[in-house]
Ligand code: F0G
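Take a look at this single chain, the form predicted alone, given in structure tokens.
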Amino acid sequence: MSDATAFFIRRFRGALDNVGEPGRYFRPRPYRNAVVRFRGCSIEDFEQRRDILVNEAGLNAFLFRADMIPGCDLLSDSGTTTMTMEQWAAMFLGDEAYGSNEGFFELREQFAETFGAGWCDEGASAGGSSDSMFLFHQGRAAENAFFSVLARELSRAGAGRGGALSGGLLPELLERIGPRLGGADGSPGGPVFIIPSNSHFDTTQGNIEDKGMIPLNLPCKRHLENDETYPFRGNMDIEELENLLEHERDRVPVVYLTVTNNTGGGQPVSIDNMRRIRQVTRRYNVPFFLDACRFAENAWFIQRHEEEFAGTGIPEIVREMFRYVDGFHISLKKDGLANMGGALVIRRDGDLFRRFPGFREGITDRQIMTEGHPTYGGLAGRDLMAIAEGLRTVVRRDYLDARIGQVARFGAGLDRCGIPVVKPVGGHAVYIDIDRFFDGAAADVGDFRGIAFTALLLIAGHRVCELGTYAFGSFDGEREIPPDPRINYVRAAVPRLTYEDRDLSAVVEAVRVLADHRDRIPGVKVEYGRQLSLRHFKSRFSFAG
């Protein structure tokens, strides 16, 4: 281990003296820096970072101290946004009243403006029985509340059935669902309900499994075929969805769609795909929900690549997207441009409230027990003001051009160095395909080279995240079970309005060092946490050898 890390430290240190090609800027950024903060550590502190990584963090990027990252922290784009001056100014106007604070009403009004009239009715009582906007401190709390109350309502209604799966299911669906479904062979116990999606993210998957349901990923065929020419690789497979609902409709309480598709490489979803999902779900009377964390970035891709909307403004495309769904949950730490906040919004006249009349009160009770009064939902009043302002900014075309353009340039830089990235590059992150990265070099599945990759890049001074066979896989006590369908990515998620192109170019150069010597990257051993749920947040590793 010491030989491998010492080798890469020498290479990383040598790369600092490289003089790259000067940046070529065809147009200025649509914003300027108003505040800067100097780092408390130096890029030269390679040995210190190695010691922290090995002895404190156990090679886990989530456990590495942020104040010791001198380069780009690309662990997540969630809550890491640099807020605008307008947002900071709005925070001074925050009303910290315990109940029915001013920010609640401003945010509800902005939700209606952003997502479409009818989502948040101004005539509804604040946090009362007719409201449809439920605030939480972040998105995963909102999705936890949603699936917790859904599981309770399903139990109360006596919904679902056990027994064998229908023989009419497509063979690939039978193969993927059968081993995970309780009672599939007529025996009692185990999961009964299935939540299909284009691809569930890690915490969504964890919340669904925690409530005794099965998260089922149905990414479109062109994504599975790695079609780099297709602009909407985030789409859901309509044929599989329709087959599932035709034969197992009673097992599917809701259909979920993630925009953009984070697990699938940050890939967007088309309006056409949303319309077709709505047609199928309406035919079988199943609610249709969005995980809407990156809705504005998704709308930008629709405007750029879906001919019908080429001349339509981003705000109008957003409202069109939300016409087709019965509700959505959102982490406002992404396209809310805020550092904290989440929401669950359910259409008042939609299928979910009709099917489960007690759902609204169940969510409100959940808010009160875990978050506080429904009109602040675990947030300070100033946070609500910052979110409202962020929702006004995020649909600006100049902001989205700069934001998504920067990510695209970052991806292109890696691609020019021969790094296998998922293409087309998505809106919020660049995904490195670890299986392809190590093609031709010795790498066993159980070596978890994606973890080793992230660990060595931390020594270089940059933090990224493994979202592959370790994050989405599991261990049954004897063998590793890979994610279904198999993915093995390292994600570099770019915080909004935070870094400049030259910062991301430094990441490219560090990754180039790893690529040039990929055969020297060691595997890792799992020292703790291999059998845990959501194990990538908690595990500890050591370099093998």
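Note that the coordinates shown come from a computational prediction; the quantities given were computed from them, not determined experimentally. Residue positions are given as counts along the sequence shown, with the first one as 1.
This next part talks about the form predicted together with the ligand, which is not shown.
The three marked residues, Q110, A338 and R392, fail to reach the ligand in the predicted complex, with no heavy atom of any inside 4.5 Å. A residue is said to contact a partner when one of its heavy atoms sits within 4.5 Å of a partner heavy atom; T370 fails this definition for the ligand in the predicted complex, lying far away. Mapping the unseen interface onto this chain, P268 falls outside it, with no heavy atom inside 4.5 Å of the ligand in the predicted complex. Contact annotation for R140: at least one heavy atom lies within 4.5 Å of the ligand in the predicted complex. The ligand is not drawn, but in the predicted complex it has no heavy atom within 4.5 Å of Q87.
Between the options N298, N235, N262, T375, the residue in contact with the ligand in the predicted complex by a heavy atom within 4.5 angstroms is N262. The contact with the ligand in the predicted complex, taken as any heavy atom within 4.5 Å, belongs to T258 out of T258, N144, S132, T469.
Remark: of stretches 97-105, 245-253, 75-83, 315-323, the one touching the ligand in the predicted complex is 75-83 (heavy atom within 4.5 Å). Looking at 486-505, the one residue that comes within 4.5 Å of the ligand in the predicted complex, counting any heavy atom, is R491.
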